[in-house]
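Take a look at this single chain, the form predicted alone, given in structure tokens.
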């Protein structure tokens, strides 16, 4: 029996942001066209006939938010019939984790507004984008258990507590701090400096840490197992 096919291909980007003050957030746009006009959504859109998937997601992200990211990792394909009321659309989704203050966000094309939202305060979303964000968050939580993160998210020198806060924000749970520090130090991608932490109040300042870039990227490539 012949197969009837009239399918469009789209891309969507889940860009997670992290700051010590705000924790984990997601970059969203407010749509200025139907369907779901005036509803928040992930940046994304249809793939052009002459575009690769990677070029399309980078273009849509830049056009709708002003953000340009060198690398986004492919997440999953979402193709449930009816996910888009206009057409049968399969979305190839991507995700990444960045430092929000490294970018100047600006809405354009199909976006009326663009804003960072804390992962725990996501508004109602268009299409199936809530499911996409949940899948991306699960993937990120699993990934950091075997691949170190933090190099592009923390300052050049930082107190160890900042790395702990980063992992707890992404994992959305507490961690065994003593065990976590022991494991991180053992892997060797973190080095303790002689520079002291500046404290606003009383207390003994601890030493600051920095990443051993060579070891960090080696472990990021090879993979490790934190068992946090």
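Residue numbers count along the first chain shown, from 1. These numbers were taken from a predicted model, which means no experiment stands behind them.
Omitted here: the form predicted together with another copy of the chain. The next part is about that form.
Looking at another copy of the chain in the predicted complex, residues 170, 214 and 218 place no heavy atom within 4.5 Å of it.
Only one listed stretch (97-105, 128-136, 82-90, 115-123) carries heavy atoms within 4.5 Å of another copy of the chain in the predicted complex, and that stretch is 82-90. In the predicted complex, residue 52 approaches another copy of the chain with a heavy atom inside 4.5 Å. Although the partner is absent here, residue 6 sits close enough that one of its heavy atoms falls within 4.5 Å of another copy of the chain in the predicted complex. Residue contact with another copy of the chain in the predicted complex: residue 47 places a heavy atom within 4.5 Å of it.
Though the partner is left out of this view, residue 74 does reach within 4.5 Å of another copy of the chain in the predicted complex, counting heavy atoms only.
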